[in-house]
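A single chain comes next, written as structure tokens; it is the form predicted on its own.
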């Protein structure tokens, strides 16, 4: 059934971590030729979480500007998508609900299916708004990608959260029907409950992704979707930036279109600007690509954008949307670029220390050192319960307190600057 009113993304904001590791430092440690990362993966750096950051603090930080701009009226649902879940029962979104001061008359749920989860959340939101056009749904995708040290996947790590306000008469993007769907039972990427780091079959992961590209496009076409050449740009899931190029080239070839570098770059190049310096953000990845496209491109009002969302295991979806008139007036380009610029470079030793940090499982009182400067922090673990704090704005704190925020747990000083 097609709606007689537009539904889509009314506002979008993203956040990432306090720290960043340039790939030049990782390459120097690994003895790897830097072009393997810069050219082969398309990656320049990766966001690294501080001790007092996690998916909740990133999600709340991404969503706060949306609530500040639009208020809480008509927000009756929060859908939190992640594959970095912090609890087997309680939704991470409930913590965000509390930190943002949302009304109690709100439903909150967490969704999981690898990197596809945020698209499932978005589809869930569309259905709720179609049923009740007055309501708005806050969709949050927040993840920290993590692979074994010195593994091939280590260089693709990253962390980010994207928050989207979904409603009728959207200011940014009008989502379209139909969707193309594809599911296949494969073991290309997975993380058992007993592991902190994901397991990856790299070759199978690429193959499964490309099968999903063909499968979703075939179903999208069968459902009466737009012709390929109508789309002005494509946002793909980006486990690393170059995968978007590979995926689009594969789709062009599958459809019998030219596959030259210029054609591919024109379709996906601007969508990789943020992921190239943040790394893999799992569920947030496709929508981080949308944020980059909106911030990087000239006016694209009325132009169709294609989305290919892939989650290992695997579930995928292809769908489209058109940019709303006046959408550029609602962008957060300066704020988004500031999110990246404020990150502090760390050296390899600091990155490794943060990677290896974990909470004991004894139920004791385990505070976290204050390393971040954002509005929310993970204060620690107490009695098996995560404790979060909402800070006053930085301008309201003393300069001494602000200076203390970046201290490392064992050194008592700021991280060493990146050497290259």
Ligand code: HMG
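Positions refer to the first chain, counted from 1. Predicted model only: the values in this text are computed from it and were never measured.
Same protein, other form: the form predicted together with this ligand, not shown, and the subject of what follows.
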Taking this ligand as it sits in the predicted complex, is residue 153 in contact with it (heavy atom to heavy atom, 4.5 Å or less)?
yes
Does at least one non-hydrogen atom of residue 115 fall within 4.5 angstroms of this ligand in the predicted complex?
yes
Even though this ligand is not shown here, does residue 33 get within 4.5 Å of it in the predicted complex, heavy atoms only?
yes
Indicate whether residue 367 is a 4.5 Å heavy atom neighbour of this ligand in the predicted complex.
no
Interface check vs this ligand in the predicted complex: of 240, 307, 217, 95, the one with a heavy atom inside 4.5 Å is 240
Residue within 4.5 Å of this ligand in the predicted complex by heavy atom, from 100, 200, 291, 268, is 200
Using a 4.5 Å heavy atom cut-off, which stretch among 343-351, 172-180, 125-133, 280-288 contacts this ligand in the predicted complex?
280-288
Across 186-220, which residues bring a heavy atom to within 4.5 Å of this ligand in the predicted complex?
188, 189, 200, 202, 203, 205, 206, 209
